[in-house]
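Here we start with a single chain on its own, the form predicted alone, put down as structure tokens.
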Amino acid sequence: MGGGRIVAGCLAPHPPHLVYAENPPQNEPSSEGGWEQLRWGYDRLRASLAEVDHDVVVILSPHWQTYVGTHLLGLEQFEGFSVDPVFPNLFRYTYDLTIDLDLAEGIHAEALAAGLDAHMMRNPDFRVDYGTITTAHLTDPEWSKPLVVISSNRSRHYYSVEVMQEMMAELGRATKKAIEASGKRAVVLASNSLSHRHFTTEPEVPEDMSHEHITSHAMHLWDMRIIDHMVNGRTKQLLDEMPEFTDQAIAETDGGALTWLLHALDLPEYKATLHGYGTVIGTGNAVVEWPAWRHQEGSA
């Protein structure tokens, strides 16, 4: 078919606290709010994405962890009940996902053609991870677009951050190629935090923001450095520093989602838009958009 393209790529972190704070009907626990800086950042991201037509949302989540190859959801519908294993008091969510199976199959085929190990998840009882659900909800609470959902191949644990980056770079290029061949306009989401050192306890009232701050000054400095690279278009420098950032900031970039996103976007040199930054249980989270459609020839 041809003619497809990625119209936007986003760093879209998935703390379940943000869904909890919104009190959507799908989530059982009730909240008094909290984490407003990040929630307002998602408000701004949604308003920005509403400006560009798109057909599908593609998500890579570090909480769908696979150790033998990359997997993609391989049925048209997945529904069930997701409970966060760490925060069951905050996130008990009834989900119903519609999958763009044609595009998922296309990415799977391109990944295989690139020499990657890839598989389709066709178990109808498979429990979709909370990272995917949270990022999808916060980006589109109406669930108005079909999804493609990709796992995080944990190659870093067997090899190194550098090997992970090479594999996820190849997957990013395969994703871009499949989207272009599909004729569809896609928003691509990397569902991960930046620095990822958690607090070990939570306050009696989880949404009490008087307890919320970054874990350490060192984590703050790393987050600000990485964000500065993003908003100034220094993608290649960001990728060069990714191994050190991942190790020193215990960053959730270890799952490869950000590396995959940047290569799917073809290493953008234009400035990203920072919609919001905030902390959740000590971790650093940035809502960032690369509005690719504004930089593509013939875009309106």
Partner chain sequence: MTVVASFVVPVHPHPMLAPESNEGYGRLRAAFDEASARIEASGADLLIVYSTTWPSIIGHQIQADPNPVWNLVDHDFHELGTMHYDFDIDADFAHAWRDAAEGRGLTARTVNYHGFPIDVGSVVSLSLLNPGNRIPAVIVSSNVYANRTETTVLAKSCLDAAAAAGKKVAVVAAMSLSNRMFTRRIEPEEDRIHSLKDDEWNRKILQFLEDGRLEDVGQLSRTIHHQIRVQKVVAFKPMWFLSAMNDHRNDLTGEVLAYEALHGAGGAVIHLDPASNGRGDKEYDEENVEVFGGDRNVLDTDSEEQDTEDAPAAHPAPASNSGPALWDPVEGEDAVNTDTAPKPVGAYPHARRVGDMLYLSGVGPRQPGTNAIPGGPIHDGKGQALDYDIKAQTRAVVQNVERVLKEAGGSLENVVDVTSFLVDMDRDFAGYNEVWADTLGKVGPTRTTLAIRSLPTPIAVEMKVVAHLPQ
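None of the values given here were measured: they were computed from a predicted structure. Residue numbers count along the first chain shown, from 1.
Just so you know, the form predicted in complex with its partner chain exists too; it's not on screen, but the next bit is about it.
Each of 83, 116 and 198 is positioned with at least one heavy atom within 4.5 Å of its partner chain in the predicted bound form. The stretch among 200-208, 141-149, 175-183, 102-110 whose residues place heavy atoms within 4.5 Å of its partner chain in the predicted bound form is 200-208. The closest heavy atom approach of residue 66 to its partner chain in the predicted bound form falls within 4.5 Å.
Contact check for residue 292: no non-hydrogen atom falls within 4.5 Å of its partner chain in the predicted bound form. At least one heavy atom of residue 123 is located within 4.5 Å of its partner chain in the predicted bound form. At a distance threshold of 4.5 angstroms between non-hydrogen atoms, residue 71 is in contact with its partner chain in the predicted bound form.
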